[in-house]
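In the block that follows, a single chain appears as structure tokens, in the form predicted on its own.
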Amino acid sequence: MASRSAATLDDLRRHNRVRLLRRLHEGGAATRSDLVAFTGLNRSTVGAVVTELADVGLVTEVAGTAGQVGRPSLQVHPVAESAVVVALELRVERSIALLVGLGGTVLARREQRHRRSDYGPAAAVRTVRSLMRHVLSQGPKDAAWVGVGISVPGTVDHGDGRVRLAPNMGWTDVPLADLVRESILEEYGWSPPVVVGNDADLGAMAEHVRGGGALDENLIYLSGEVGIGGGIIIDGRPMTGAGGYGGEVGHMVINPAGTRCRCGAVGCWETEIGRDAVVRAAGLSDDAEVADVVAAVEAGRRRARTGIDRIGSWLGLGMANLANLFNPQVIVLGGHLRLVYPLVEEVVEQRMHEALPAVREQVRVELPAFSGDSTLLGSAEAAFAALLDDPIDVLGRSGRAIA
């Protein structure tokens, strides 16, 4: 009985640590009174947990804002330099890495471009290793390295980090998490946890935790690069599906008379609103960027205007379908869609009127709070998950690979 009580008490303490650290990581600095109100714990318990987290360096207490009535309250801050993760986004034509500290502070960034045809799994792992080495070298010397998060534009097995299919990269059944873990072991002699996820799912996570959808329980995040992906939050929880492959909205067949997609189907949504489709519709060369399309429209080029309106029509129709299916409070347009939307807002709104009135009245459309970095910051959140679930144990097992 005594052993069971001790175990129960340990579980309770761990639970309290997790709740407080997650609140500080996601919500930023707070007074002890704020933490008492948030957790419902008594002040002495909150004080004990804060002291425990401070003893291992994860939080610190500093004086609050001066000038208020009475003595300024101490504020508990997450210490960005105490624990870091490497967040990576592997795109079709470039890869990006961030070093992110506890609390979501970006400490370093590195980007590298590549050609589509040259970016097989082996080349991707070499790029990851190079990017990782650079951002780690820019980080705080004594930080604990607690995770690696990687986003890819494809379907991912959440159990083992295997990329089942990334058609726009030409990847099938790539054990990416294992390959990256082996590379880290070779370079550093140990490896933190490596998490691989779908780019849109991770973008949805970032926007839901810290972005424009932080107060919304039902959110759709559309990623847009060469292809289109969808991350879906329902009742505050990610909708992943039976195998973790839910949300592949880019392969929703929307135009049966359209073109063949890289997945093999005809008329997928991404063949109508993906980056290549946007460039083609504007009459620009294949190596043009969406920013070039925006410039052409703003310069008054008629073909570009006509083409971008057609893109807006397909975008709005697909969004109307998603609104009917999931009844979201907000649809966030990421990737190149965030550049396209301001040009076609009226067209999109007209097509979204094809959604059911009750659904349409509840949904709003927003651009991402983090511009083009939502997916990267979602990768960071996934990489921090192990620390946030068990901070003391993970810190004890973490290495310090920071040069």
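Please read all numbers here as calculations on a predicted model, not as lab measurements. All residue numbers refer to positions in the sequence shown, first residue = 1.
A second form of this protein, the form predicted together with another copy of the chain, is not displayed here; the remarks below concern that form.
Colleague: Given that another copy of the chain is left out here, which of 356, 37, 62, 54 has a heavy atom within 4.5 Å of it in the predicted bound form?
Modeller: The option sitting close enough to the partner is 356.
Colleague: Report the residue, out of 275, 208, 91, 251, that has at least one non-hydrogen atom within 4.5 angstroms of another copy of the chain in the predicted bound form.
Modeller: Residue within 4.5 Å of the partner: 251.
Colleague: Just one of 124 to 132, 252 to 260, 298 to 306, 106 to 114 has residues with a heavy atom within 4.5 Å of another copy of the chain in the predicted bound form, so point it out.
Modeller: Partner-contacting stretch among the options: 252 to 260.
Colleague: With a 4.5 Å heavy atom cut-off, would you call residue 324 a contact of another copy of the chain in the predicted bound form?
Modeller: Output for residue 324 is yes: heavy atoms within 4.5 Å of another copy of the chain.
Colleague: When the contact criterion is heavy atoms within 4.5 Å, does residue 243 count as touching another copy of the chain in the predicted bound form?
Modeller: Yes - in the predicted bound form, heavy atoms of residue 243 and another copy of the chain come within 4.5 Å of each other.
Colleague: Using a 4.5 angstroms cut-off on non-hydrogen atoms, would residue 185 count as touching another copy of the chain in the predicted bound form?
Modeller: Taking the distances in the predicted bound form, the answer for residue 185 is no, it never comes within 4.5 Å of another copy of the chain.
Colleague: With the partner left out of view, is residue 76 within 4.5 angstroms of another copy of the chain in the predicted bound form by any non-hydrogen atom?
Modeller: Answer no; every heavy atom of residue 76 is more than 4.5 Å from another copy of the chain in the predicted bound form.
Colleague: Across 327 to 346, which residues bring a heavy atom to within 4.5 Å of another copy of the chain in the predicted bound form?
Modeller: Residues within 4.5 Å: 327, 328, 329.
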